[in-house]
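Let's start with one chain on its own, the form predicted alone, as structure tokens.
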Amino acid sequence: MNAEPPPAAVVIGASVGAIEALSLLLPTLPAAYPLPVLVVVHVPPDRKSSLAELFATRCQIGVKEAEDKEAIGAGMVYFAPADYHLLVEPDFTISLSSDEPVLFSRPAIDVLFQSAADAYGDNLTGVVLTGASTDGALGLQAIGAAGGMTLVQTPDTAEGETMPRAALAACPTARALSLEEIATVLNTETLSMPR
């Protein structure tokens, strides 16, 4: 009897300059992209995020705002809602949390990345993009420690250099790539992961 292969996923974190960076990445994913993509962007906590609506019109792949307790489906981009941490549960469902902000952020990239590393292990790809805080560094470190693939936007190409520099310092084995190169990896190398 063949065992079901463990699922695989991609997690992405970004802050200042996120819309421009994600606009170069997410529309490159084809409609048949087989992996779920979970995204945390630092957004103001006091108003609804419009990221899912914005990217739904730009992407070939399905895009939605994450909902508490929903099963993570293949080929879908999930954005964290404003003022909630986005977590992956061990049974590959989504959990939304109003726990304290991390590094002044809720949603926090570290929270998503660390929970996803626990759930997916080495079948996870973590991507840290532009941003002006150090959020995401420890999360990417956790993904690397679990054996996952770690990618960071080249700091020189980022609107906010602090986040990618912090991620590279915390996870020196991460690959620093341009947005175009990250898109290529997401469309080639991540597809060889079990799912």
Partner chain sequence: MKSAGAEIEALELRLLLEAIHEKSRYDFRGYSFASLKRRLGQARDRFSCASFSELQHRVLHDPKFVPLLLPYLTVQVSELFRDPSYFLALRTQVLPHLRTYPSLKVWVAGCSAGEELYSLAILFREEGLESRTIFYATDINTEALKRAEAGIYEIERIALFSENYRKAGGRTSLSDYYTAAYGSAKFDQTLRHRTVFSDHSLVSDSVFAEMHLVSCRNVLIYFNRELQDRAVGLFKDSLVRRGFLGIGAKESLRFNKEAEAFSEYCRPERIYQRT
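Residue numbers count along the first chain shown, from 1. Model, not experiment: these values are computed from the prediction.
The next section is about a form of this same protein that is not shown, the form predicted together with its partner chain.
Taken together, the three residues 99, 111 and 118 all lie with some non-hydrogen atom within 4.5 angstroms of its partner chain in the predicted complex. Residues of just one listed stretch (54-62, 25-33, 122-130, 150-158) have heavy atoms within 4.5 Å of its partner chain in the predicted complex: 122-130. Proximity of residue 88 to its partner chain in the predicted complex: non-hydrogen atoms within 4.5 Å are present.
Although its partner chain is not shown here, in the predicted complex the stretch 153-167 places no heavy atom of any residue within 4.5 Å of it.
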